[in-house]
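Read the single chain below, which is given as structure tokens and is the form predicted alone.
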Amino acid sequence: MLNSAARYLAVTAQRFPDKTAVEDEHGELTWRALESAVLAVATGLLARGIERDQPVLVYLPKSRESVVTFLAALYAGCPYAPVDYAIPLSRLERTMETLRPALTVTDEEGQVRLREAGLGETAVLYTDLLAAAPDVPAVLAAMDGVIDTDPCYIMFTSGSTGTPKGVAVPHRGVLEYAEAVVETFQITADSVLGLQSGFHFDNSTFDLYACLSTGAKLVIIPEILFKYPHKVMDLVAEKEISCIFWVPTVMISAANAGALEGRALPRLKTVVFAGEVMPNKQLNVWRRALPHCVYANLYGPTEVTVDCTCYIVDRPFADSAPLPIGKPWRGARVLLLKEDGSPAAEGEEGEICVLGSGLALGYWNALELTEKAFVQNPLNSNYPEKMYRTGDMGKWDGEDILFCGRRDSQFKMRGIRLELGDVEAAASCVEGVRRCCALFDQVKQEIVLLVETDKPYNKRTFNREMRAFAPAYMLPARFEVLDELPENANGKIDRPRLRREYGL
């Protein structure tokens, strides 16, 4: 067993030195060039006094430079923490308060933003780090000090209080996940993976580490292209992409736009999706257009290293039928537990609870939150055995699990996990808002926001103000101003009543 997920790079660079490793819209790096850049940046990090397990915040665009920085942090014995380059600075400030990074790696534009917001104390330029003369012995010594239970990366998700939670994922989880991906989907050095997600979304772990462990080529698809389904499918054909792992929203958009019509795409062999519910109506469009592909539905929260179940779509489904999330795959065990902690019988709903090597270490700098979510397996009284309570509900349908929705206010939209409390926390920061209630329309995949305010807001003007406190994907699609939000007997906002009134 490797001690660090970064060990993949050294092996692969030796096997395929002149083969393209990663390509973005601005250029490409061979495996040899990638390793050289990683060694230089890792040396630069160590020269600035960084120590083992101190987090490195990566504030860079979705690019080759991001990949180099992630691996350089690992070579230096430290976890990396990617954030959205378009993140509102107020949210970035809360993220940094939780993370307390030793260093923040950015570019010149990012450095200016950080300084203007008073967040530039730990910022260093990627180009300055890259200029370092590689000190290979020092870097290898730093990586030798890593053990597989050390954190590999810290991925931030929504918090119910408006404070982002940093999920600390260990090396062993990433190593096990990469092996599961490669084994299940037969990724080889000849494969070409088309990265859809941003690096601040843990789906990117699939693409990055499948390539690192096999020598496959990683094509970083510009995020802007996903607004144009025909263009993104043109790129899949042009780059001869053989495997995609995309969120259902993107696949639905391609299906609805007719972007698959008349395309043979013989090189595309594997179509994987996760992050939200995939409707069979649009999946069937893909299956009819590209019947030669293998289709797979994955499921899992960030806290279990991306995914813990897999369903290979092996039979026809009616457009209205639910798609299973499958069965536990390599390194994972899934329990469906009722409220009293007993196992749910077949056909009976229970909370999805996960155990295994992919289990996260917990939430960074948040021990109380960690203790609530990562708990003792109630079915095991013989020794300590932690499991993660996902808050998702499921039921066994034979050997497969069917997803049955959320227990609480957490939801996924376009593959990004959010919490209604996080949306409300951002909306409450807008001037004039007295109270607000966020709801989620599961059918339309839309956020509905109801606000008490005397200001003459409409959706456009409100969203313009809310952009200062929330990323674009958290802005409401439906917005209404109410004189007063209804309350229940306890003086709390009557959410069940509002859901009924708005047909949710």
Partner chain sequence: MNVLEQIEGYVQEHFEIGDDPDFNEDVNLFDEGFVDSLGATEIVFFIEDHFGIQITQKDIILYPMNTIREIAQVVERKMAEK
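Here the structure is a predicted model, which is why all the values come from computation and not from measurement. Residue numbers count along the first chain shown, from 1.
Omitted from view is the form predicted together with its partner chain, to which the following refers.
Relative to its partner chain in the predicted complex, residues Glu25, Asp234 and Thr461 are all within 4.5 Å by at least one heavy atom. Only one of Pro229, Gly194, Pro151, Gly331 lies close to its partner chain in the predicted complex, with a heavy atom inside 4.5 Å, and it is Pro229. This chain appears without its partner; in the predicted complex, the one residue of Gly145, Pro134, Gly120, Pro222 with a heavy atom within 4.5 Å of its partner chain is Pro222.
Partner contacts here mean any heavy atom within 4.5 Å of its partner chain in the predicted complex, and among 464 to 472, 437 to 445, 32 to 40, 57 to 65 they occur only in 464 to 472.
Proximity of Glu238 to its partner chain in the predicted complex falls within the 4.5 Å heavy atom cutoff.
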